[in-house]
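Shown next as structure tokens: one chain only, the form predicted on its own.
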């Protein structure tokens, strides 16, 4: 049997206020004064001096603010890479992503495409990247996606929504500072946290499950239950725990996979632009057939935190639009195989998927 030799993030720093050590971490990685560090930062922080003023800009270093209103696109990545190549005479010393999953995925993709020719769309798939990425750092400001630890960068391309899954995708350095998650709106905090919870349910009930995935998944699930079911307040302790749940949740799928919710939410995202976290919640809310215990617990969390899960988002879609969503979902073969086994196509037909989407 041939086992996969997956890479992990080689360096990680955790702790409240650890963001203050960013200059100490980056300085040894500077190639020279003409090779800048490029900070890709969620534009919600544009007028937030508490964070922006702590970014240590030197020489040609630059902050580029990026909107996270939409899921990251291959065209966005291509445009950013072209801009950087035209502006500087050599590749950056590093790409630093500061934000939620969108910014982290953007940073990973830009770092890869600076050293690989063509469009980011050419690399959507598994193990298509040939050249090592530029040094890249992930600094999450939202907890739940697991993007800080995963070997994929999820992108919407002209034909599909699919990640660049490669050994060169994981960050070289991750900074986990729970202070950076303060002030998140309740809905955003919940939807992104549920991305982690759903990761865990899909991993722990999947056919790909193994002791490696199980050990991380069970810890992440325990932390999610503590934050979303047992605790009654959002405090520093819950910020710390949710950040570690995100890390462990991401690790739990490194050696396994996600499942039905993620496969179907990719279809929603591609066609309707639904954000990843909320899309997972919309889908998972209707998956009692596949994850009865997980969905029951999810609905308790929804009630406890007074969250409204959107409904009716597919009610006006045409047959052609349903077909496109179904095409996108069915491309994700490893997810279906993990969820339902090698005979998944006998269970998941196009008609069944269409009827499931209609409930949403």
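Numbering follows the first chain given and starts at 1. This is a predicted model, so every value here is computed, not measured.
Although it is not shown, the form predicted together with another copy of the chain is what the next lines describe.
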Of 116, 169, 285, 173, the one that lies within 4.5 Å of another copy of the chain in the model of the complex (heavy atoms): 173
The single option of 75, 90, 210, 187 touching another copy of the chain in the model of the complex, heavy atom within 4.5 Å: 210
Would 9, 218 and 223 all count as contacting another copy of the chain in the model of the complex, using a 4.5 Å heavy atom cut-off? yes
Determine whether any heavy atom of residue 346 comes within 4.5 Å of a heavy atom of another copy of the chain in the model of the complex, and answer yes or no. no
Indicate whether another copy of the chain has at least one heavy atom within 4.5 Å of a heavy atom of residue 191 in the model of the complex. no
Interface membership of residue 23, another copy of the chain in the model of the complex, 4.5 Å heavy atom rule: no
Taking another copy of the chain as it sits in the model of the complex, is residue 15 in contact with it (heavy atom to heavy atom, 4.5 Å or less)? yes
Work out which of the listed stretches, 274 to 282, 77 to 85, 243 to 251, 139 to 147, brings a heavy atom within 4.5 angstroms of another copy of the chain in the model of the complex. 243 to 251
